[in-house]
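In structure tokens, one chain follows: the form predicted alone.
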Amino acid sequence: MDHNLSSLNKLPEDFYLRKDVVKIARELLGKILVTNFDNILTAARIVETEAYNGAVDKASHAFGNRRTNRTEVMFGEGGFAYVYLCYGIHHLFNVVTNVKDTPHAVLIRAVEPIMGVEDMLIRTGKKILDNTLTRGPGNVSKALGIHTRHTGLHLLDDEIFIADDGFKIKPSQILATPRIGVDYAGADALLPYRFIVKGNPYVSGKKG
């Protein structure tokens, strides 16, 4: 489970500033999400993502360029964390992408633990490691210690960042499906904007 942090390279800012949020969501698979809060280091490999295509996407919080205190961070430059509360309980971690005033974001839906499993178990109140630990976006944030107060953190800083350790996922291992829980978005709910690593036990919802 342990991993050598020195082999990790933070994704550069230009990774996040690109225009194609769907491509970014796909390319985030296999990357490592790292948190370092109060000297507690946890890390996990991303195995499920969902792209949200901003103003034109009925499933996005920023549909129609809707700006609120909550969504304002999405209208900033890419490379920042957008963390919001879902159902009043789950803190959901999103990666803001694209340039200023284009509110794209990628939701991290599932990760595979790599480092700091003991701390993840303490945070989640679980006794043993199984694939429910970091399956589903609410569990991702709980295990990695991410809360709404972390919204607006830059992903090139040291508290939350995403890194590349050279691990590659073959294109044949990646499956695109419609997103989960966005039925209200009409036709946009059917878009293949969710990406999963096939066969990974941490993937949430439908596996295919």
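Computed from a prediction, not measured in an experiment: that's the story for all the values here. Throughout, we count residues from 1 along the sequence that is shown.
What comes next is about the form predicted together with the DNA, which is not displayed.
Figure note: of the listed segments 65-73, 152-160, 32-40, 165-173, the one touching the DNA in the model of the complex, with heavy atoms no more than 4.5 Å away, is 65-73. At least one heavy atom of residue 61 is located within 4.5 Å of the DNA in the model of the complex. Although the partner is absent here, residue 120 lies well away from the DNA in the model of the complex, with no heavy atom inside 4.5 Å.
The closest heavy atom approach of residue 99 to the DNA in the model of the complex falls outside 4.5 Å. Taking the partner from elsewhere, residue 85 is found to have a heavy atom lying within 4.5 Å of the DNA in the model of the complex.
For the partner-free chain shown, 135, 136, 137, 138, 139 of 134-170 come within 4.5 angstroms of the DNA in the model of the complex, judged by any non-hydrogen atom.
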